[in-house]
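Just one chain follows, in the form predicted on its own, and it is written as structure tokens.
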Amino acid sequence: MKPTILIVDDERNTREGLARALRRQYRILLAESAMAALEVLKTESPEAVLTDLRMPGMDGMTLVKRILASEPKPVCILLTAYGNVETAVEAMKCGAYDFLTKPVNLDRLEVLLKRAINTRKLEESNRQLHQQLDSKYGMEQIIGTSSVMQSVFDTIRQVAPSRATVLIQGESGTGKELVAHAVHRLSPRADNPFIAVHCAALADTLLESELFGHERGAFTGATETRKGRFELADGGTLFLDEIGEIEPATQVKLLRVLEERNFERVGGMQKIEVDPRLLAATNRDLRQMVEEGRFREDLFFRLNVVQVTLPPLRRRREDIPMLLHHFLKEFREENAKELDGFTAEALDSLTQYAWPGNIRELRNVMERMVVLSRGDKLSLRDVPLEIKEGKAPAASSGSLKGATSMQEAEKKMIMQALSDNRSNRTRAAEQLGISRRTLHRKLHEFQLEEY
């Protein structure tokens, strides 16, 4: 079906001339005044409105304001024979998509209309998706329409109302904590606390105190009694991120709490009863860790009641354009940048990249591109060199032929982060979005300890 355009102009020759020029590609509606246009809009919902600025009665600027005050909002383009910078600025302020002077350059108008309508379609699609996710799933921050993500949404929706422990698995940067928040928001515990613990960021002795709290005098520096995360999450949700990093001694204590629903604070004797709903996340293969004797089998079964596995971006490539536009909008507004999407070459390059750092990497790249952008669109020159040179890992149809390439890409990212931060491992870990403990493990895995 052809997109619909409403042309509003008090000059009959202009109205009909534009209609003849555009009729091949668009369904055309005509109005000889602003008031006539408002009558048309009572029964029609055009994708775009082309309106003259100076007309008897209500002018084009006022008409645009009236049109954009209600839903659905078409894109509005103002036409005038009296173009100047002040008028253009005023047109943009009132919400017009763009501004053209008469006589209208038809080639420019056609390009502008195509771009404007595509932008409107994308914004409307994103708006509907967010509404759907918000109302149906309570997951407005999780973006994706691919079949694998729909499966994730279905699992979250089913498990959220229960008391079941959920194990969220996925590579670093895939959004595991967003899933945990979604499960909490959709649960009967949504009005109670959501408490997160990033296990890998804490030494084992400190982690025990963080989880279970401590009594005054329990150790040097314990000057007062302190509640742990289990107590703080009582009646709510406790989220243990990077659960695969905890040491065996803490695994034993965690298992006992899950079985008995009580514990003692560090240095304490009194049993404390708690009722948090437990969610855990890991980017490691816990089954393999169990086989290797590095993770307790009984704790694994306690955690793995329901499993949610988040796919890496290379497994849901069709979601990448939507994510790119989402973060473009976020950083465009945050940095007051006038950016109208991507060129086809830039979008193709970003879509073909394998994104070993997943959504976290994509978000960081988008922020960098927006901040350093120089044109009115993000073009291929704005795409970082490592992205343009990283197309090879994009294996087709889900094949893991590129697995070794992915490991090489991860190794290069780590080496680059260490180089950027002069071998400061704490800052390198922050740049990569991982814990210092995970970075140490990766350095050992890739035989990079000398860094």
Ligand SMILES: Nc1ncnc2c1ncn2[C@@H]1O[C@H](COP(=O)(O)OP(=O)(O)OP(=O)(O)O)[C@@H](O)[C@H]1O
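Being a predicted model, the structure only gives us computed values, none of them experimental. All residue numbers are counted from 1 along the displayed sequence.
The protein also exists as the form predicted together with this ligand; that form is not presented, and the subsequent description refers to it.
* **Residue stretch of 287-295, 262-270, 367-375, 171-179 approaching this ligand in the predicted complex, non-hydrogen atom distance within 4.5 Å** => Result for this chain: 171-179.
* To do: Sort through Met149, Ala201, Leu122, Val274 and report the residue having a heavy atom within 4.5 Å of this ligand in the predicted complex.
  => Looking at Met149, Ala201, Leu122, Val274 one by one, just Met149 meets the 4.5 Å heavy-atom criterion.
* Asked: Which residue, Arg185, Arg332, Arg363, Lys102, has a heavy atom that falls within 4.5 Å of this ligand in the predicted complex?
  -> None of the other options qualify; the answer is Arg363.
* Residue contact check: Thr237 to this ligand in the predicted complex, 4.5 Å heavy atom -> Because no heavy atom of Thr237 falls inside 4.5 Å of this ligand in the predicted complex, the answer is no.
* Could you confirm whether Ser349 comes within 4.5 Å of this ligand in the predicted complex, counting heavy atoms only? => It does not: once this ligand is placed as it appears in the predicted complex, Ser349 has no heavy atom within 4.5 Å of it.
* Is Val159 close to this ligand in the predicted complex, meaning a heavy atom pair under 4.5 Å apart or at it? -> Val159: no contact with this ligand in the predicted complex.
* To do: Would you check, heavy atoms only and a 4.5 Å threshold, whether Cys94 touches this ligand in the predicted complex?
  => Heavy-atom contact with this ligand at 4.5 Å: absent for Cys94.
* Heavy atom contacts to this ligand in the predicted complex at 4.5 Å, residues of 272-301 in sequence order -> Counting only heavy atoms within 4.5 Å of this ligand in the predicted complex, the single contacting residue of 272-301 is Asn283.
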